[in-house]
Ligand SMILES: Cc1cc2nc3c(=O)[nH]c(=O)nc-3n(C[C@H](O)[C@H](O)[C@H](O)COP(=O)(O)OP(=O)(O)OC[C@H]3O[C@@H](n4cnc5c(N)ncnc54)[C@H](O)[C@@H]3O)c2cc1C
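In the block that follows, a single chain appears as structure tokens, in the form predicted on its own.
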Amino acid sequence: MHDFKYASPESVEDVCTLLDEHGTDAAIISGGQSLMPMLRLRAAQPECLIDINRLPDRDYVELTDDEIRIGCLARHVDVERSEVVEEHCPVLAEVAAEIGDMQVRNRGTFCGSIAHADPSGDPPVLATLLDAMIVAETVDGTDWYSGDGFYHGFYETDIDKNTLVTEVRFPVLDDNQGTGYEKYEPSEGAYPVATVGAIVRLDDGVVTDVGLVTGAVEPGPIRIPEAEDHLEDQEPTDDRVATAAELAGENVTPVGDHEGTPEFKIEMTKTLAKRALDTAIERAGENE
């Protein structure tokens, strides 16, 4: 690990000033579950490490104006155990409970994962699927970003390096909306090889709104409009859902690696898409 400056500011303004001063030579650390391995491997070599853990009152998970707001120091375990999340958007708790291992969940932050944009990360898939609002601060003020379209490839997002993500806001789900989230990991706590998230709205037994997003198989979360269009304004029969899942697999372009060939990941995406859609449809139908 190379030498670097260390700063532990106590205000967002001071964090932004440091980011503006050091630019791409700065790195933010909150939980450190992604950054520390990169530092050890010298994959990241910042001149200045900015520790944001002393920022006051930033570990909240709260309901405000029909949104679930998650502060930049809220850990995965805080999301997992939140009664607000369980009542209003339970898929967030379900996914948070399965991220990495206990150490990762206890130290890693939900906002940090969204900002880090690891292609295998679960929170970026949810941010895309649910079109979360991402709130970010710079020395020039506050910016807001749509989660749907926020990601652009390997660790690439709409925000610049001199930006601090301070909050992520997820919508409250309606009674007739259901979600499903499936992923394949080669072992417990390992990085996912493929993930699929689904959200469905049912009105009188017809799909009136649907979202399907894949993760891990490509350089970032990918929405699959071909599968969504196949279900939109249709009754979700088994055959139609199965075809939508096939379309999900046919419209991804996986990267082959030691975890599997592109062909394997395509078939895995189809399987996970079917499971996620089935779960989302079942849950949407329970309260329709």
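In case it trips you up, residue 1 is the first one in the sequence shown, and so on. Every value quoted in this text rests on a predicted model; they were computed, and no experiment measured them.
Just so it is clear, the following notes concern the form predicted together with the ligand, a form of the same protein that is not shown.
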ask   = With the partner left out of view, is I29 within 4.5 angstroms of the ligand in the predicted bound form by any non-hydrogen atom?
value = yes
inquiry  = Test of understanding: in the predicted bound form, would A190 fall inside 4.5 Å of the ligand by heavy atoms?
reply    = yes
query = Can any non-hydrogen atom of T163 be found within 4.5 angstroms of the ligand in the predicted bound form?
reply = yes
inquiry  = Can you work out whether P123 and the ligand are in contact in the predicted bound form, taking contact to mean some heavy atom pair no more than 4.5 Å apart?
reply    = yes
query = Ok, L130, V91, V210, A115: which has a heavy atom sitting within 4.5 Å of the ligand in the predicted bound form?
reply = A115
request  = Only one of D148, E182, E98, E218 comes within 4.5 Å of the ligand in the predicted bound form by heavy atoms, so just point that one out.
outcome  = E98
query = Heavy atoms within 4.5 Å of the ligand in the predicted bound form: which of the stretches 275 to 283, 6 to 14, 262 to 270, 21 to 29 has them?
reply = 21 to 29
The ligand in the predicted bound form - contacting residues of 51 to 75, heavy atom within 4.5 Å = I52, C72
